[in-house]
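Encoded as structure tokens, the following chain is the form predicted on its own, with no partner shown.
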Amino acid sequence: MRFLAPRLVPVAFTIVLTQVVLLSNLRLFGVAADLGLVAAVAVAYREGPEAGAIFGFCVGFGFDLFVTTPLGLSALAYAVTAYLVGSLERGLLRRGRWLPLFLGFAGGLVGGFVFVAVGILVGVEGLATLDAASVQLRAAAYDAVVAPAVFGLVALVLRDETVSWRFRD
């Protein structure tokens, strides 16, 4: 795993602030996109499960500081989801145009499931309803909509500057 922290710290701050300030008020069908979760999935897809889990935990913890759910719940959900996606990506998925949409949706579903399941276990009220499943499906769809932009941002920040784009003779 490469040392990614210097390049990802500004991305993490930007994502947490955008999530808290802008997207908490920009709801679509009653749900907000989860940029931190999608960014953790994007980092895991690009750099592997460990990097994705670390980034997901940090961004999730940053987000947890601004919400009323138990501290660490989002961090755990983001880290577990990123690790799972990063682990499965290497052997199962091919690169393609629709992959960010699929990973955004799948990551949203898995992250939402982990969030709700652990939240129920620790006693967060209101999560054990049929409405929670509907909310998670709508949120996963919204995550899929924002995924191409987030994947593009992560790819831009983590691009390998040592690669030469010139052909050698």
Partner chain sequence: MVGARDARRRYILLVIVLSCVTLITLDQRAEDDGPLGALGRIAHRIVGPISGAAASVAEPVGDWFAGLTDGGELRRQNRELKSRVAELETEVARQRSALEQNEVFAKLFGEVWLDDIPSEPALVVAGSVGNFERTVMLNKGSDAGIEVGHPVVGPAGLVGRIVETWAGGSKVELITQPGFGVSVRLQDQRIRGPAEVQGRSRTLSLNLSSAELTDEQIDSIVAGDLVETCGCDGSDYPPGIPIGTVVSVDRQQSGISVIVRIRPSLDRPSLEAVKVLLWTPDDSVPPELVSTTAPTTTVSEEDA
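Positions refer to the first chain, counted from 1. Fair warning: this is a prediction, and the values are worked out from it, not measured in the lab.
This protein has a second form, the form predicted together with the partner chain, left out of what is shown; the following refers to that one.
> Is there a heavy atom of L22 lying 4.5 Å or less from a heavy atom of the partner chain in the model of the complex?
Replying inline: Contact with the partner chain, yes.
>> Within 4.5 Å, heavy atoms only: does L17 come near the partner chain in the model of the complex?
In response: Output for L17 is yes: heavy atoms within 4.5 Å of the partner chain.
> With the partner left out of view, is A79 within 4.5 angstroms of the partner chain in the model of the complex by any non-hydrogen atom?
Replying inline: Close contact exists here: in the model of the complex, A79 approaches the partner chain to within 4.5 Å, heavy atoms only.
> Does any heavy atom of Y142 come within 4.5 Å of a heavy atom of the partner chain in the model of the complex?
Replying inline: Yes, Y142 sits close enough to the partner chain in the model of the complex that at least one of its heavy atoms falls within 4.5 Å.
> If we check the partner chain in the model of the complex, which of the residues in 49 to 69 reach within 4.5 angstroms of it by a non-hydrogen atom?
Replying inline: In sequence order, P49, E50, A53, I54, F57, F61, F63, L65, F66, V67, T68, T69 come within 4.5 Å of the partner.
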